[in-house]
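The data below hold one chain only, encoded as structure tokens and taken in the form predicted on its own.
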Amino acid sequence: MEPLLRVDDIQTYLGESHILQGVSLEAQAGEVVALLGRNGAGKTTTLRSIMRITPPRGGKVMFDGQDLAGLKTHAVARAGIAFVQEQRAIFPSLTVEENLIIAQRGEGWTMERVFDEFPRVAARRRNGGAQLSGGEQQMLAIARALVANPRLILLDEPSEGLAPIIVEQILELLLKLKATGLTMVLVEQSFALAMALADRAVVLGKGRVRWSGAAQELRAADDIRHAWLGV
């Protein structure tokens, strides 16, 4: 079966620095793929390459049978990929509701459905983005991605900088989304969170894929975890 997302041998540069050196991965529809590695391994650059924020100079990114080469980032989003960035990138001067209204597209995930699933966000619906805690901002960023009704969500470090109790809430939320059949590619420093969610894992090191396989196999691959993840 053709994967929903296929990244094939991409070569991505930041200036003259060759960051991604032939990275390949795929995600089947309904699958959660964890992209793991130490800081500087190329994880965020891989997500930015898929979104064409940092377009690859070589290789190919295919989504639902469509070659994304030549598309602008907004066209990639319209094709059905949402990106929850590490910085969250919500609009601080807009209310929670306004942040969601401007992202709303398609059917399925409406603002009211989001408020049902994210009661903490619902309670802050009239607050400005700048008034939210870090955890609330993260939940809003995920909610805003959902109301665009994507077929694939890219998540960059969703637990970064959050208190353990909030991380538990984020995990619970992502498990619910997985149960709906939503496809996700997840960059995450927390090995425990990644393993709780992922069906498959891809380990990056120095811009190359060092290992890929079923998530449960990675739990047993002590040499890979020690060498490339430090866990």
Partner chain sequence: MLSDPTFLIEQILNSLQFSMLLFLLAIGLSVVFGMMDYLNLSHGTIYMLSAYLAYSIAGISGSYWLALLCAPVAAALIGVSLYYLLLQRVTQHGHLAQVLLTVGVIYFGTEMLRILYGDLPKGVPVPAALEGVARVLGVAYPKYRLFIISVGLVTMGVLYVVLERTRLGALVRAGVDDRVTAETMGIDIAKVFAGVFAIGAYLAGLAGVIAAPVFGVYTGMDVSVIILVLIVVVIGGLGSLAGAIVGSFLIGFADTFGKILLPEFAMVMIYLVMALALVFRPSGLMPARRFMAQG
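Keep in mind the model is a prediction, meaning the values are calculated, not measured. Positions refer to the first chain, counted from 1.
Keep in mind that the form predicted together with its partner chain is missing from the display, and what follows is about it.
Site annotation in the model of the complex: the residue of 177, 51, 27, 170 reaching within 4.5 Å of its partner chain with a heavy atom is 51.
When contacts are judged by a 4.5 Å heavy atom cut-off, residue 73 counts as touching its partner chain in the model of the complex.
Contact check for residue 149: every heavy atom lies farther than 4.5 Å from its partner chain in the model of the complex.
Its partner chain is not shown here, and in the model of the complex it never comes within 4.5 Å of any heavy atom of residue 111.
Residue 106 falls outside the set of residues with a heavy atom inside 4.5 Å of its partner chain in the model of the complex. Each of 86, 91 and 130 is positioned with at least one heavy atom within 4.5 Å of its partner chain in the model of the complex. In the model of the complex, the residues of 135-150 lying within 4.5 Å of its partner chain by at least one heavy atom are, in order, 137, 144.
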